[in-house]
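Here you get one chain, nothing else, as C-alpha cells; it is the form predicted alone.
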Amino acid sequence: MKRIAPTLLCALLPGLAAAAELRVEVELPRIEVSDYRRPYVAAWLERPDNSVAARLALWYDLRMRDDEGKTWLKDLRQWWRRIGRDITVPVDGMTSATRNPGTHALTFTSGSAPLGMLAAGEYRLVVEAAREHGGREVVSVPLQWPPTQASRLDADGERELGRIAVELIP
C-alpha cells in the first residue's frame, strides 16, 4: 500500500506532478594565473524591462574575516545595481560559498522558492561572474516561461564564465 500511495496521489493531483522545472548548469573555467581566486557568481531571472523576476543564486566568500566578502559583492556590478544594494546577505536558500572550476548544476521548480508562481512570459536568465584580480563577465539566456515543451538553451562565456546551459522541463 505504501508504494501505491505516491502514484495514486500524483494521479489525483496532476498539478503537483506537472511542476515545471528550470535547470541551469554554470561552467566556471579553469583559468591559469598565478593568483587565482574563485569567482563570485550571481544568477537571476529578469523581465524584458530589466526588472528582477527571481533571485536564483549568489556564490561569494562567506568565510572572510569581518564579513569582508560582502564588500566585494559590488564587483558583480549588474547584480549589485539590480539586486545587491537592496538586500541583506546572506539570504537563506540563495547564497552559498564560492565554487571551484567545473560545472555546477542548479534546479528550480515552479510553485516553490525562488520561482514561486512566476507569471507566463519572456524572461532572461542572467549569470554574472567577477573574480578578484581577474575579470568580470555577464551571460544572458532568453527563455519563455512556463515551458510548453522540453528544451535546452546554451550560451557561452568568453573568459570568466564557460558554457551556461538552461534546460526547461514542462
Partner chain sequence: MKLRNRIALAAIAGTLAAPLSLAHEVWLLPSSTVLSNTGYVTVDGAVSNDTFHFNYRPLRITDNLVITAPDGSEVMPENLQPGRLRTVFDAHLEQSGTYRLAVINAGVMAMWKEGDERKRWRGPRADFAASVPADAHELSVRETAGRIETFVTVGSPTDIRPSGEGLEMLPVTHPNDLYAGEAATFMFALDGQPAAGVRLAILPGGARYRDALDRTELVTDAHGRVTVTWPAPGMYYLSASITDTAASLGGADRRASYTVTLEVLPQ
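Positions refer to the first chain, counted from 1. Just so you know, these numbers come straight off a predicted model, no measurement behind them.
The protein also exists as the form predicted in complex with the partner chain; that form is not presented, and the subsequent description refers to it.
Under a 4.5 angstroms non-hydrogen atom cutoff, the partner chain in the predicted complex has Thr71 among its neighbouring residues. Contact annotation: Arg136 falls within 4.5 Å of the partner chain in the predicted complex, judged by heavy atom distances. A residue is said to contact a partner when one of its heavy atoms sits within 4.5 Å of a partner heavy atom; Glu122 fails this definition for the partner chain in the predicted complex, lying far away. Taking the partner from elsewhere, Asp35 is found to have every heavy atom lying beyond 4.5 Å of the partner chain in the predicted complex. With the partner omitted here, the stretch from 63-71, 27-35, 140-148, 113-121 that lies within 4.5 Å of the partner chain by heavy atoms in the predicted complex is 63-71. In sequence order, Arg85, Asp86 are the residues of 84-103 having a heavy atom within 4.5 Å of the partner chain in the predicted complex; the partner itself is omitted from this view.
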